[in-house]
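Form predicted on its own, single chain, as structure tokens, below.
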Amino acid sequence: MSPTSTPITSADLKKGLEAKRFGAKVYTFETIDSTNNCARALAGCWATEGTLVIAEHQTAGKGRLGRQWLANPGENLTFSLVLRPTIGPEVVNLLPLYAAVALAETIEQTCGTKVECKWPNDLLIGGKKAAGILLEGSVTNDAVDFVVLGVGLNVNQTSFPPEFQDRATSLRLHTGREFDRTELLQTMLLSLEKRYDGWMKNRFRDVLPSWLAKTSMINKEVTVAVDGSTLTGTVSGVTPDGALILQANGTETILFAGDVTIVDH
């Protein structure tokens, strides 16, 4: 077993962890159904903010819109964080954008390669998907109880199923080198915590300019699958609360969810 595929342990993670809260409490699993499921259960039992759930393998890893997140065991990062932001539900849609920026910055600093943000929750390298973000949470009486931030990042995986080969990549495929997953996770937790603390002061409203600086979607033609139908139009921007603005046939549509595909010409 190479050092890069050595299982991530709580002890190893905490040895060099600079983040103060994110990762202070760690639950590690060799195999689990979903780190998000576990983190949600822990959050419901009043787990503290920054509680981290990591798995080497997920049997039912979650992607958006009910999809399954597929990742080879021991080669990638699949983890979930419990967050307890003091914000109203109207700001929750900015949290995937916050996470995308923090993770993109980490990857760029680590790999020296440009990372692109794709609304609402993907990170692209060289036009291919390298990471996905999934948020699930609980709201009571118009207040956020907790949010679970789930992340799947392709790190050292070098092969994908045929149906994903043209759309997926990994840090190793893009750079030609292996990565120490523990060190990478330590860096990511610190970046996520710093950005979280900084933007919390302004209720995450400062996240949008940073996200827009890392996307090429604006003024691009896209198709969006939402609620069983497909819309085609041009992305004109993102609203202050994180929704996509789509222009189609002279009509402006505001989308808070959907599966976006950029149209290549």
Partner chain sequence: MDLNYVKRLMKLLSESEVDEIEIEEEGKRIRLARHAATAPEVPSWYPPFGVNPVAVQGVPVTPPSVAFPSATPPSPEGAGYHEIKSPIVGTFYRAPSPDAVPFVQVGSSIQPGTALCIIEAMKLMNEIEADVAGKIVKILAENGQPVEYDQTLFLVEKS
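Please read all numbers here as calculations on a predicted model, not as lab measurements. Numbering follows the first chain given and starts at 1.
Omitted here: the form predicted together with the partner chain. The next part is about that form.
Although the partner chain is omitted here, in the predicted complex all of Lys25, Leu135 and Ala257 have a heavy atom within 4.5 Å of it. The stretch in contact with the partner chain in the predicted complex, judged by heavy atoms within 4.5 Å, is 42 to 50, chosen from 213 to 221, 229 to 237, 197 to 205, 42 to 50. In the predicted complex, at least one heavy atom of Pro120 sits within 4.5 Å of the partner chain. Of the heavy atoms in Leu103, none are within 4.5 Å of the partner chain in the predicted complex. Shown alone here, Asp145 lies within 4.5 Å of the partner chain in the predicted complex, counting heavy atoms only. At a distance threshold of 4.5 angstroms between non-hydrogen atoms, Leu97 is in contact with the partner chain in the predicted complex.
The contact residue chosen from Leu185, Val92, Leu124, Leu173 relative to the partner chain in the predicted complex is Val92, the criterion being a non-hydrogen atom within 4.5 angstroms. With the partner omitted here, the residue from Gln109, Gln165, Thr140, Thr86 that has a non-hydrogen atom within 4.5 angstroms of the partner chain in the predicted complex is Thr140. If you take 165 to 195 and check each residue for a heavy atom within 4.5 Å of the partner chain in the predicted complex, you get nothing at all.
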